[in-house]
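Take a look at this single chain in structure tokens; it is the form predicted on its own.
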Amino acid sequence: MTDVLFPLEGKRIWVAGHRGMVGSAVVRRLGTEGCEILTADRESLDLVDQAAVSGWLQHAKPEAMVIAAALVGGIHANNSRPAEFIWNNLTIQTNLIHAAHEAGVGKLLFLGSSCIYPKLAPQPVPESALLGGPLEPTNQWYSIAKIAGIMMCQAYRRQYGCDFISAQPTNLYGPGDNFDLESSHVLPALLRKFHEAKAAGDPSVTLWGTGTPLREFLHVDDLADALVFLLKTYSGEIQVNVGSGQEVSIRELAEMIAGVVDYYPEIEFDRSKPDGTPRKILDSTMLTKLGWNNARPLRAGIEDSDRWYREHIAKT
């Protein structure tokens, strides 16, 4: 049994970004830990306002924090709005991490992204690959911001002794996902495309790129479970990879989604569009050795995401 270094029961824990997919999943998971969950919506706290963030933390006095607040999006969103992605993410995380130190927060978990790693990193990608080569050009601005967040946690740990840690999830999906075709990630975008093709009776569905890139996907509730595990059991400066260990090509993913939606159009590929990184799967050996390996099968996770889409998006 893994030793608990930071018990959560009875603690005041702030989940920054609680309305997002990851933040809401973390709130759901923390609901079973006997802790007091603190939240602040955008109307009451602007995370890009440094003075406001500092004042809120000094007043609320959380004992732990999870930073799930970020501006996120897929290849198109990152490539077309680079200034928004780097400025918003740098500003939000800088304000939160520094204010947490000033307020004496006992534990902080910063949520990074697997895109911090080089485009041609060794596969599966170990934590040691960080800063080992050029980034994927289409989302490098977001990646740089996330790398800065990891380095801030390391710096505040080294200089001030803050118990600030970071975790890097693989591609996420699940309840609360973004299904907008202009800004979503590949799995929710495909789920929506197949539903809309089914409703319209379209004979084909066109996807970006070649369909050959290999990806790993993790259900957001599984991520939340891993993050709570890390809050309780991990204290170190190395960022911890959080993946499912299940790898699939984009074509195979599309075919799996067709099966879940129960609609089988011709799958075509627009090769004029970018593929992104050719292969990306995280080496989650470190997390497994710490004692967590609870990711659900991809097909079961897609079925859960499909139910959420039909109940919350398709009906609107």
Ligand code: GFB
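The model shown is predicted, which means the values in this text are computed figures rather than measured ones. All residue numbers are counted from 1 along the displayed sequence.
Just so it is clear, the following notes concern the form predicted together with this ligand, a form of the same protein that is not shown.
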property: 4.5 angstroms heavy atom contact with this ligand in the model of the complex for residue 142; result: yes
property: Partner proximity in the model of the complex: residue 280 to this ligand, non-hydrogen atom cutoff 4.5 Å; result: yes
property: 4.5 Å heavy atom contact, residue 27 and this ligand in the model of the complex; result: no
property: Contact flag, residue 166 vs this ligand in the model of the complex, heavy atom cut 4.5 Å; result: no
property: Output flag, 241, 245 and 287 jointly within 4.5 Å of this ligand in the model of the complex, heavy atom basis; result: no
property: Candidate from 103, 186, 86, 197 lying within 4.5 Å of this ligand in the model of the complex - any heavy atom; result: 186
property: The unique member of 207, 150, 129, 99 whose heavy atoms fall within 4.5 Å of this ligand in the model of the complex; result: 207
property: Proximity to this ligand in the model of the complex (heavy atom, within 4.5 Å), stretch among 120-128, 222-230, 67-75, 155-163; result: 67-75
